[in-house]
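Next up: just one chain, as structure tokens, the form predicted on its own.
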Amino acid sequence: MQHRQLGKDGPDVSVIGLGAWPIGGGMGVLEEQASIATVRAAIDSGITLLDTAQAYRTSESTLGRALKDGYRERCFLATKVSRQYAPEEIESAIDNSLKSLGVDYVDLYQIHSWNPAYPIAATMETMARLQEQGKVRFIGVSNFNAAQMQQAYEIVPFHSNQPRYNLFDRAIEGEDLAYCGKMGIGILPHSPLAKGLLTGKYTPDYIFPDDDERSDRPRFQGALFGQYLAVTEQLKGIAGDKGISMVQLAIAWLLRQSEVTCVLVGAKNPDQVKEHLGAAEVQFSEDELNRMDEILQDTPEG
């Protein structure tokens, strides 16, 4: 497993991480023992960065059970405070997360999203205070744009930003990517497979079950769903020519960016984890990247 440094002076972490939203049940209910097996398979395979959040349903408590028996010491554990960012709410959230995870500290604590209802100065100062107390080792943000990162960084420097970034969602490639590169902020892309659109495993007539978050999202319904899948089908041709899966192509495309520290990929079983690992060694030629860009011009709006 390859590693990259988190931020300017953080630790090395694996370039592929485990996003723990699926094991919380957000993309369909999973049996806890199966989720524990997935987490442990990820760590056993060399994945060090595991990412969860206060808002990820049962994810933290399931992850906590998976990290028993020596697994906690083998990973870089990240979680997030979600939705409410007043000082007392952050302090309560970290205590609840530590309890759910069954740990004394987390390695990375992140602000889940920008919320203008809460002054960023007070929020960042509280995050720094948690560092001083030893409850968190490093701090980061999630879903912040360049202007928002600048406001936060002026108050307290941080190590990472976790944005949505994949072949279909490329908004960060303007100011956000450049800002992170300039400031030495590590990027931890979430949703690298666009919630499954980039797996190459769905057909336009597929209907997601009611307990899956995708069941009522426009991207996964009707004509729009079919348009996205048609683009993925074209990209699969490039993956096939390289002898890799569509999943591996999507992850490797992100890792080609030096600003990307670790791609956070969700998994529901150990076999999916194994497939993700194959992306770490993939390289693209200029011609292949140009071919992908041509195909992506047909990406629908939505």
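A quick note: this is a predicted structure, and the numbers were derived from the prediction, not measured. Just count from 1 along the sequence shown to find any residue number.
One more form of this protein exists, namely the form predicted together with a small molecule; it is left out here, but the text below deals with it.
Of the listed positions (146, 98, 194, 156), a single one reaches within 4.5 angstroms of the small molecule by any non-hydrogen atom in the model of the complex, namely 194. Residue heavy atoms within 4.5 Å of the small molecule in the model of the complex occur in exactly one stretch of 183 to 191, 114 to 122, 90 to 98, 147 to 155, and that stretch is 183 to 191. Under a 4.5 angstroms non-hydrogen atom cutoff, the small molecule in the model of the complex lacks residue 45 among its neighbouring residues. For residue 275, a non-hydrogen atom is located within 4.5 Å of the small molecule in the model of the complex, even though that partner is not displayed. In the model of the complex, residue 27 approaches the small molecule with a heavy atom inside 4.5 Å.
The shortest heavy atom separation between residue 84 and the small molecule in the model of the complex exceeds 4.5 Å.
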